[in-house]
Structure formats: structure tokens, C-alpha cells
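Next up is one chain by itself, shown in C-alpha cells, the form predicted on its own.
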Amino acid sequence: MEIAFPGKRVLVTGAARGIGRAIVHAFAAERAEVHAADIESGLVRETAATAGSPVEAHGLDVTDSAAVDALVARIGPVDIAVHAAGGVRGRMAGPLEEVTDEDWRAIQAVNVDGAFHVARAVTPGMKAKGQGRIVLISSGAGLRVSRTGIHSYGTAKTAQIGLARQLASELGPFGITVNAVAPGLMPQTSPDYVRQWEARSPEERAAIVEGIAMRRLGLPEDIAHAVLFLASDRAGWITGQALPVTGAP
């Protein structure tokens, strides 16, 4: 099954590293016009430089709705938008009574508000074309209790799935699909997740891998492949869904 995107304008947020970077590289390999955006402007330029095909890099804070609107206005109507910006924003697990408002909001802002800002910004252009694809990178933490133990993270990832479902219902009549991808454990995708993984004992790590049907941790490319499918014409009748990509049933 050939999936290619020649001439399609793609916006990927959270593109500096890990899953976002893999998604950028995957779309670039399939001849899309790719715009890689991240608050870490130096790293996102590296993403663009290593894509193997031309990619335009943009510094972007997805929690700033005006900045998101301005970027979309500058690059033009978007065919495919992938919101991969997110994560735990340096927060660690702790008792509920010790979670500050700032801790809570920092995670909600980038994961949920950011997803909303991106979807809202690209929708007019997609409506004008009569088609479009929006993919939100959620997490297995949106489908069950989060391994991180971080209240705001599990809540935000669940909210992304709800947002995808709600937007899918509204935007379907305009030819726009909205879906979420829920990755399994992938500790190498950000410094925060590396720290969490390395804090586990070797025995704990081995037990986690043994509990995965495929007996391996996920790779960013595993998620990129799922995103490319959902963004393709082959997935034109799939919307409002959360696709687990976890290596397990």
C-alpha cells in the first residue's frame, strides 16, 4: 500500500525531538511540504536539517494562540496538522495535595490548549479546501492510569482524545478527519521520559518489556507510521478514534 503526500502542506508541532521529529522526517520522505514547529527553535532547525528533504523550521509556543494563528497565516492553508507538542514539562509525580496550580496548568497548556489552538487555526483553510487531516498525539496514559503518576498528564492525554472525538463530529461534514494516536511506553523520546525510565531498577524495566506483547519498547518511527496512515486517503472514513500504538493488545 503506497502512502505519499506530494504537494500536501503539513504542520507538525513538537518537532524538536522524539516522536515529532520522526513524524517530520516521515512526511518529508513522502514528498510533503513540511513545516516543523517547536518552542525549542535550535533543535527544530536540527530536525529540519536532518530530514533528507527540504523542511521549514519555525519557533513556536503552542500555548500562545496568537502565535499559532500567525504561523498558519504565514505558511498558508494546511492540509495535515499533527500536534505532537506535549509531555510532562519537567514535572514529577507527587501527592495530590502538593501539586501546585502552576504544575497543573503547565501540562494542560501545552497538551490540551495547544491542541485546541492548532486545530482552530488550521480549520478555516481545511474547510475552504473541503478536506483535511488533524492528528493529535495522545498517550496510553489517555486510555488508562498513567505510568508517570502525574495527575495533570493523564488528564491532559485523556482530554486530547475527547477533543479529537468532539472535533471529528463537528468537522466531518467538511471532509476533515480528526484522530488521536496513543503511543505506548517510549522512554527515549524526551529527557523527562529518560529520567523516569532510568529511575526504575533493571528488574522493573525488564518486567515492563516482558509485559509488552512484542517484547520491545516503542520507537518514534512506530508512531510516525500510524500518523501517516491516518493522514492518508486510505483512512478517509476513520475519524474520532484513538489508535493505540503500544506493541500490545
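All residue numbers are counted from 1 along the displayed sequence. Here the structure is a predicted model, which means the values were calculated and not measured.
From this point on, the text means the form predicted together with a small molecule, which you will not see here.
**Student:** Exactly one stretch in 74 to 82, 119 to 127, 132 to 140, 93 to 101 has heavy atoms within 4.5 Å of the small molecule in the predicted complex; which is it?
**Tutor:** Within 4.5 Å of the partner lies stretch 132 to 140.
**Student:** Report the residue, out of 67, 39, 51, 217, that has at least one non-hydrogen atom within 4.5 angstroms of the small molecule in the predicted complex.
**Tutor:** Result of the distance check: 39.
**Student:** Report whether the minimum heavy atom distance between residue 240 and the small molecule in the predicted complex is within 4.5 Å.
**Tutor:** Heavy-atom contact with the small molecule at 4.5 Å: absent for residue 240.
**Student:** Is the gap between residue 19 and the small molecule in the predicted complex 4.5 Å or less for some heavy atom pair?
**Tutor:** Yes.
**Student:** Please determine whether residue 167 contacts the small molecule in the predicted complex, using a 4.5 Å cut-off between heavy atoms.
**Tutor:** Because no heavy atom of residue 167 falls inside 4.5 Å of the small molecule in the predicted complex, the answer is no.
**Student:** Any chance residue 224 has a heavy atom within 4.5 Å of the small molecule in the predicted complex?
**Tutor:** No, residue 224 is distant from the partner.
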